[in-house]
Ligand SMILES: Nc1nc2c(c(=O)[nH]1)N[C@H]1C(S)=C(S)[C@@H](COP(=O)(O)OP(=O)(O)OC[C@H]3O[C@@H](n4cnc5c(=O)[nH]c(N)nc54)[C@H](O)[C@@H]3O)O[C@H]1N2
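Next up is one chain by itself, shown in structure tokens, the form predicted on its own.
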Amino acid sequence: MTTSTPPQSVSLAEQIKSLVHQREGRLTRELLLQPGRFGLGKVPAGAAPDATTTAVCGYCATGCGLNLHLQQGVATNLTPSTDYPVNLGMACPKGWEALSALDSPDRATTPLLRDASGQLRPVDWEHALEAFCSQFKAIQAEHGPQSVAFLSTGQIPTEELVMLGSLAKFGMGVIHGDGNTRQCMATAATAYKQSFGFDAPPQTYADFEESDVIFLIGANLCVGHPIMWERVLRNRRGGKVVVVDPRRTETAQAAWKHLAIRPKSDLAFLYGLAHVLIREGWVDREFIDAHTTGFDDFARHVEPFTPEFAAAAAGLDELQLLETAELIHDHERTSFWWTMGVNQSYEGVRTAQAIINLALMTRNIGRPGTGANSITGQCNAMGSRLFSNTTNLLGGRRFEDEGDRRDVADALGIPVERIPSHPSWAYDQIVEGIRTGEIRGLWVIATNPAHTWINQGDTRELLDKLDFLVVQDMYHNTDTARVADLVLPAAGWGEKEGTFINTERRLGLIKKVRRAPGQALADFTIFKLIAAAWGCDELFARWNCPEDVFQSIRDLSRGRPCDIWAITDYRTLDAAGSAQWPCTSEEQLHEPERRLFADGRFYHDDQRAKFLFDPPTPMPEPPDADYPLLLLTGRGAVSQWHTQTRTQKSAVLRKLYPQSIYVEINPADADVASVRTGDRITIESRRGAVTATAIVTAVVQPGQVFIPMHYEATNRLTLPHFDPHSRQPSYKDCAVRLRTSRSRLPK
């Protein structure tokens, strides 16, 4: 499996050639020796020229299983796996089109370096690596090791996340690095850690089918996670779906009940429910006393949130709140699910914990059809949360803890002095560090902050301030790659191997069934090349392929809540199909699904869950006379994904959503502004302006407008404000106004 690291006397060019041969030319699941930069692959002797293998989809954290159909060892088509416990034969449009993004003419196929005239020009890997190392080392020499930072992603395999975080922090001396999961899952991760003692989503997707009542809070499953919605539709207990969302989403329209609460009134609403449940004695006091702490303080906290007060704060009538509390009480199994409508909030952590509190007090946790369950966004957000080595040390440990640092040093065989004793800045602090001049160099991997980060105009100006910006991506023309000083071409899903961890803690394999175009390399290989060029490759000599890193992940997980010791290697995981953590025995390896906390034991030292709470706080930028409308953002169509970097490469997916940006406006507001559907109008905030096509619809309430997050212009408007506990941006509340013109789209 392993090979020796090239000696330092060997030239960098020879090391590049050697490393590329070792990694880009190795067998993948006994199916194919993939073509690399330096030679053509062959089907191994005895292997069928046409075959089928399986892999986990690389779009969202639902984590569907796909059958990849091979011709001469290369994937040419795919179908959903009928026996995979996640999707059971279903796939969304993105999953069906997963291979099409690999064939785009916009793929980055060679390193690009900005020359003296300001143009990005092709260079070979040797020159690209020399520029990477010389520029970043010069910045660190002048401004200190903390002056270079990295922004990673939930889009690459866990093994690559471990390699990146270890290379940057232990090899290059980088202090600050964070991931784009800060934009989607930091709230849920923080809420779980504080409430349960570890970032541990308790659910399995089977709970959708086993619930009597399904609460979806700030979650539009029909669009954001359609396979999960399919699981809801398979509910075998006549489950009532209750959607809590300001907008009448596709999911809300299909629900048994829609509670159209006022934006960012979640805490008042949830505390009002808790008030009624406690007042009526509809709580499980035996479970509370045996397995939790802080309940009595929480009960006192919610005393002022009477039905009358809470309903008024949430924009509901009192009867709606009372009936909702009674619904929870009257049914044996209630599951609570949330996603970005909760997470992307300036008080998201306490909102998530208000949901957790409801589950704890009614003992709706640890049993089939129950749970306080976060729904994750990116395909490997869970892997990033546990193993990216950014604001948490590997395996959910703490940089500040000497014992944790020693555990990691022993597991990886590196000097403990190499491990920083304090955590990284969070994403927003890194961005702010560019403004103050504390961050002078930035390395961006498989993410697109020039599009996604809040208050986009400010972000782009800050990126221009950097001394050196490196972007490592599949595509050379992302918003961020266009302004980079160096672009490193990376392989995508289907062109490399590793593992993803989905929303329900399930590990699945991705496999290399295509060759990356041109000189593009797997991110793992790029990290190894950078380690060699930087001169720290001896620290990572044991990692010669992703599966070597997986063995270290097993070591790092052992004895932790996320223990996967029973998954001995990729072959074992492939044979099992998938496995949820914790996975410490042969029995657990082959269980189709498992939920956490069935025994009432949590991960705090006292094995109890905590009731955590705070008073609601005012919206930082409410509508006013100058900007009278509130902007909501979110997913637009099931065929769109994030910044459309991949989905826009598919001709099929492009047909399934509007190509130009649009804004939903309530008919009452449209009448005031004399706006009709099809008009081109301008939406302005205090930070910028966007021109969009008006869609007049009662889907949004009066006083609110909605723009999908996928369009490049959306974040020109958003307000940079953050949850104080998770530091997650609050994308879904800022004041805007409309400016109309006479132009209309042609029919």
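Quantities reported herein were computed from a predicted structural model and do not represent experimental measurements. Residue positions are given as counts along the sequence shown, with the first one as 1.
Omitted from view is the form predicted in complex with this ligand, to which the following refers.
S.K.: In the predicted complex, does each residue in the set 169, 533 and 537 place a non-hydrogen atom within 4.5 angstroms of this ligand?
M.R.: No, the candidate spot makes no contact with this ligand.
S.K.: So in the predicted complex, does any heavy atom of residue 60 sit within 4.5 Å of this ligand?
M.R.: Because a heavy atom of residue 60 falls inside 4.5 Å of this ligand in the predicted complex, the answer is yes.
S.K.: Check residue 641 for me: does it contact this ligand in the predicted complex (non-hydrogen atoms, 4.5 angstroms)?
M.R.: Within the cut-off, so yes.
S.K.: Check whether residue 155 has any heavy atom within 4.5 Å of a heavy atom of this ligand in the predicted complex, and answer yes or no.
M.R.: Yes, residue 155 is a contact residue.
S.K.: Taking the shortest heavy atom distance, is residue 635 within 4.5 Å of this ligand in the predicted complex?
M.R.: Result yes; residue 635 sits at the interface with this ligand in the predicted complex.
S.K.: Just to confirm the contact call: exactly one of 314-322, 543-551, 597-605, 483-491 touches this ligand in the predicted complex at a 4.5 Å heavy atom cutoff, so which is it?
M.R.: Among the candidates, contact is made by 483-491.
S.K.: Can you work out which of 478, 424, 525, 187 has a heavy atom no more than 4.5 Å from this ligand in the predicted complex?
M.R.: That would be 478.
S.K.: Tell me, which of 419, 223, 255, 268 has a heavy atom within 4.5 angstroms of this ligand in the predicted complex?
M.R.: Checked against the cut-off, the match is 223.
S.K.: Enumerate the residues of 342-380 that have a non-hydrogen atom within 4.5 Å of this ligand in the predicted complex, in sequence order, or give none.
M.R.: 344, 377, 378 sit within 4.5 Å of the partner.
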